[in-house]
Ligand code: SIN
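First, one chain by itself in structure tokens, the form predicted alone.
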């Protein structure tokens, strides 16, 4: 028995030594981080009333019921929660974004909080994640998590995704990477994430980086070191974002489609173009007139993957190339730029080049 106690003590000392020396963040996995959970609803909190029904209602579980389910898994974490909203993410509004940003900022400023997990619907998670990524500092991790199946469905993925998010947050290397999204055993940066499929738990892709880590409830493997260590917010959060619609280009499009989008309040347009941001020439000419009037025009692509580079005509037309950002995120960046007083096409282009 004394020998067994000696071997056990030696093993514990070895584990502690590895934790202190490890570059992969095991020090925090040995403790119970204090995590603020902000709930907005979505499928992760949804219910159908039947384990095999296709239709369901998002946002049926409140934050305490969701956290009770998480605590039943026995995670080594101290969880406290706030219900920001309980909706399907298709109904997200600037007012909800403002409340979410306010509560996230307060949690990050709290010395007793080690990080934030946000539960969110999957339809607009890429937009919320990118907005927060641009307007929050990076000293502590902020992770968005959702589900593709409601809480009472066969194969509910919400608890696994949440457990994976806890595993990510416990890592010392989770901070300094900007806002992250954890879905389908993958960690994807806010800049890269896109919802690519309507069904299945592996519904998300990343571009240009597919994933920055793989995760399970018991393991985590980072692909590279943090790249935004202790970086301040890139933009101040603005609840009054300007009107910037997205123009979806299609075959046979005529320039009157442009006029239907523009109101006196419209400050810019993001073009979800064909291929590498292409569009019919009459549409291009209509947008060129708007650019000459001082409205920002950003060319992106309606494709899931691909860079939109500047073309020779962009300088003459006054257009901006979105580079790797798809239309939804290109829109958010343009809104923040305009709200910050950045309206010169060259300055706007520089911001997209740096993203």
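All figures in this text were calculated on a predicted structure; none of them were measured in a lab. Residue numbers count along the first chain shown, from 1.
There is another form of the same protein, the form predicted in complex with the named molecule; it is not shown, and what comes next is about it.
Open item on the list: If contact means a heavy atom within 4.5 Å, which one of 119-127, 254-262, 172-180, 209-217 is the stretch that engages the named molecule in the model of the complex?
Closed with: The contacting stretch here is 119-127.
Task: Any non-hydrogen atom of residue 186 within 4.5 angstroms of the named molecule in the model of the complex - done: Judged by the heavy-atom cut-off of 4.5 Å, residue 186 is well away from the named molecule in the model of the complex.
Open item on the list: Contact with the named molecule in the model of the complex for residue 131, defined as at least one heavy atom pair within 4.5 Å: yes or no?
Closed with: No, residue 131 sits far enough from the named molecule in the model of the complex that none of its heavy atoms falls within 4.5 Å.
Task: Contact flag, residue 273 vs the named molecule in the model of the complex, heavy atom cut 4.5 Å - done: Contact check for residue 273: no, nothing within 4.5 Å of the named molecule in the model of the complex.
Open item on the list: Against the named molecule in the model of the complex, would residue 268 count as a contact residue? Criterion: heavy atoms within 4.5 Å.
Closed with: So residue 268 does not count as contacting the named molecule.
Task: Residue among 100, 77, 148, 107 with a heavy atom within 4.5 Å of the named molecule in the model of the complex - done: So the residue touching the named molecule in the model of the complex, by this definition, is 148.
- [ ] Please pick, from 281, 240, 90, 221, the one residue with any non-hydrogen atom lying within 4.5 angstroms of the named molecule in the model of the complex.
- [x] Going through each option in turn, the one that passes is 90.
- [ ] Heavy atoms within 4.5 Å of the named molecule in the model of the complex is the criterion; list the residues of 193-209 that meet it.
- [x] Going through 193-209 in order - heavy atoms within 4.5 Å of the named molecule in the model of the complex - there is one hit, 195.
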